[in-house]
Structures are given as structure tokens and as C-alpha cells.
Ligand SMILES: Cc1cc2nc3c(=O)[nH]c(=O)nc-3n(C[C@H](O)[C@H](O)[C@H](O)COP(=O)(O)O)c2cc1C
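As C-alpha cells, one chain now follows by itself in the form predicted on its own.
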Amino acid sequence: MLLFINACVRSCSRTKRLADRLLTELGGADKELKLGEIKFPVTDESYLRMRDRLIAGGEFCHEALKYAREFAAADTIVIAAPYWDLSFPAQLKEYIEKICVIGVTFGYTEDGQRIGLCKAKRLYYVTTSGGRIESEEFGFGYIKYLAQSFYGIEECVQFRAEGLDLIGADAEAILKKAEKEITEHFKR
């Protein structure tokens, strides 16, 4: 199953345009989560108590953990998230909070070593930026660290187009170059 996590907000999203090219190369998404349309429960104390109770009781089939189960079961994951204010849209962070579930997406050995429990071997991250991406630490870098260090997803690939709104930039040419990079990636 190819899971497409769509954190794009605008109807004419440049990030979504690149994600669509990637999805075409991959043969399409089996499931798309439009994060902007999901009303995540507030992560407050009562939510955390309920979640802790479910995890402690091994009730991983509960509706509250469905996003974690979907993520863990995916063979390939595509995340499309524009680069905003040195990171990604808040709804992607909300989603991450919902999928970080001990016993579903990651766990620990008896000696305290973290192990990934996700089926996917590959995660693709697609992003665009009006300016320059000065640091990946809070965007792709954060997602890559979680994927590799928590979820057990070995390969993380980023496709990006940046500088789209800089004075004198040819945004269309930049996007076409990124689309070509996506296509070339699959010819290797």
C-alpha cells in the first residue's frame, strides 16, 4: 500500500504539483490523507490518558490509533509538505503526534533499544519553498530522523523546489527542473 500524506493547503499548491508527479512515477496512491480535512483530537491531558490506557492494554485496534496502524502498514510513504517558517504546516506535526505509538510504529527491546515497527522501506518527502531552505533540520531532517530512528524506514528521499518567490526567479522553470529530477530518479 502506498500512503500519501498530503499536508498541502492551497488549491494550486506547488508542492502538490510535485507530489502528483512523484505519485505518477510510483503508480499512484492507494490511500491519501488530506491532513487539512482531518479534525485531529486535541492532545490534552485527557487524550494522553486515554491513549496511554489503550497502549498499556494493547488495544491497538482502537479508532484513536488508526493513523498509526495505517502508517505502520504502508509499503511506501509519500509526504507532501510545503516549507513554511523553517518547518512544515502544523497539521503534519499533529499527524506525527498521532502516529508515534509505542507498539504500533516503534517499540523497545528488553534492554531499552528502540526498534522500528513500520513495514515501509522507503519514504519520499516533497516540499517547495518561496525562499531558500536554509536548514533541513526542522523540515525534512526531522521527518528523516523519525523515519529512520523511530519507525525503521531505511531510505528517505527528498524532492524539493526552492526559491520560487525570489525576485527574478522563474518559478515555472524551477518546478519543471524538480519534476525532471523526480522522473530521472526512477530511471536509475
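Everything numeric here is computed off the predicted structure, so don't read it as measured data. Each residue number is its position in the shown sequence, starting from 1.
What follows is about the form predicted together with the ligand, which we do not show.
Colleague: Quick one: from 121, 132, 49, 31, grab the residue that has a heavy atom within 4.5 Å of the ligand in the model of the complex.
Modeller: Checked against the cut-off, the match is 132.
Colleague: So which of 23-31, 157-165, 36-44, 51-59 is the stretch with heavy atoms within 4.5 Å of the ligand in the model of the complex?
Modeller: That would be stretch 157-165.
Colleague: Give a yes/no on whether residue 106 approaches the ligand to within 4.5 Å in the model of the complex, heavy atoms considered.
Modeller: Answer no; every heavy atom of residue 106 is more than 4.5 Å from the ligand in the model of the complex.
Colleague: Spell out, yes or no, whether the shortest heavy atom distance between residue 102 and the ligand in the model of the complex is within 4.5 Å.
Modeller: Contact with the ligand, no.
Colleague: Find out whether any non-hydrogen atom of residue 83 is located within 4.5 angstroms of the ligand in the model of the complex, and reply yes or no.
Modeller: Within the cut-off, so yes.
Colleague: May I ask you to state whether residue 180 is within 4.5 Å of the ligand in the model of the complex, using heavy atom distances?
Modeller: No, residue 180 stays farther than 4.5 Å from the ligand in the model of the complex.
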